[in-house]
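What follows is a single chain, given as structure tokens, in the form predicted on its own.
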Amino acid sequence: MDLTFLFFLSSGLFLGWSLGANDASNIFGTAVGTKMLKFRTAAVIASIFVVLGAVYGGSGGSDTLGQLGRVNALAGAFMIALAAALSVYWMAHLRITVSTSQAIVGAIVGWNFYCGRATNMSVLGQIVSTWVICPILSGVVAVILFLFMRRLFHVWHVHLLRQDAYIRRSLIVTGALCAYALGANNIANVVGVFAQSQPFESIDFGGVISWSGQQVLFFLGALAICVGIFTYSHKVLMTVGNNLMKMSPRAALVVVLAQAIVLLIFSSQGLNAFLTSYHLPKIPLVPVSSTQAVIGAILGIGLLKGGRGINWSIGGQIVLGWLITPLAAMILCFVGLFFIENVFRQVVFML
């Protein structure tokens, strides 16, 4: 195995660790915050399905990021991932859940500026538009699901204790679905910039399962996410799980399910193929922010209830983090590329 590649990949793995530390809150933060699941149980389930989603559903978002910036040098990819990781880690350390998608996009734009490359504004416009569409769509989906579930339990006349049992089981299933969607949609943020230079060969597991070189790369990135989930996610998890808004177990279930639906919409190549076959507009396959999806869902339910239970101060901190993150990643990447090229004499882009 190429040790040089693994050294440069370390920044992508650090970014994966940061994503796991930050975005585990989006998968099971509401479930743990409402005492429906223990943290360790949630971490195990999330890790398993993040890996499955990354390996088997992660290629679509990676292709889109490749169009935003054709990163063609390992040192350049290293700095992009490192700048994004440092931005996300800084926010996670402050207990503010932020968007890894915004961090990696900001870093890629910084690389484009440094290299004198034109940023593909069409692709950038698609990605930025999802930063607005994603929380709104998630909020709308959450409201619809919440009203449907409230009506469903009212018609069934289910006892409160039995409701909790049903919701606990449903949280495990929807959390697993959400973890799969996170891996599929966000693995491009972690190692997508290394896709053009990855040296891995395809692996055949006894003729039953085979992975391409890109899937091997995605697997390594997913493992880094899992380590982040287990080692550092608990702080941020409680911010989303309880501090933004006190939630019932029913609301927690709705938030996780709404987030999973939105992430799958923006990462499903099958859905795009279906829409194309019927000559319908395609949905852009872009890495969207799971943070924005879950915050949008929480705020949707909160506004449905009149908005009185929302901690607007925490909400303001989160929105501020969304604004700072891409700018910080862009500046860090630009400055870091200068040092890598001029101090360490590494090639950060190829003509």
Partner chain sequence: MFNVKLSLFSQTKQLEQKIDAMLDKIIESAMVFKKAVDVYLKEKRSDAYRKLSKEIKTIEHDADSLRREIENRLYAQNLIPDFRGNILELVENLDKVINEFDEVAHQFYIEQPEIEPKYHDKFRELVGQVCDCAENLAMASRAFFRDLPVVRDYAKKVYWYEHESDKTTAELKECVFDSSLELAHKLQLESFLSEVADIADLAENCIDQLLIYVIKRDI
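Residue numbers count along the first chain shown, from 1. No experiment lies behind these values; they were computed from the predicted model shown.
The form predicted in complex with the partner chain exists for this protein as well; it is not shown, and the discussion that follows is about that form.
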ask   = Quick one: is Ala273 in contact with the partner chain in the predicted bound form, heavy atoms, 4.5 Å cut-off?
value = no
query = Wondering, does His93 line up within 4.5 Å of the partner chain in the predicted bound form on heavy atoms?
reply = no
message = Can you tell me if His157 lies within 4.5 angstroms of the partner chain in the predicted bound form, counting non-hydrogen atoms only?
response = yes
ask   = Is Pro249 one of the residues lying within 4.5 Å of the partner chain in the predicted bound form, judged by heavy atom distances?
value = yes
The unique member of Val55, Ile45, Ile318, Leu68 whose heavy atoms fall within 4.5 Å of the partner chain in the predicted bound form = Ile45
query = Which of these residues, Leu280, Val132, Ala165, Leu147, gets a heavy atom within 4.5 Å of the partner chain in the predicted bound form?
reply = Ala165
ask   = Looking at the partner chain in the predicted bound form, is some heavy atom of each of Met36, Leu161 and Ile172 within 4.5 Å of it?
value = yes
task = Among 258 to 266, 180 to 188, 148 to 156, 120 to 128, mark the stretch whose residues have heavy atoms within 4.5 Å of the partner chain in the predicted bound form.
result = 148 to 156
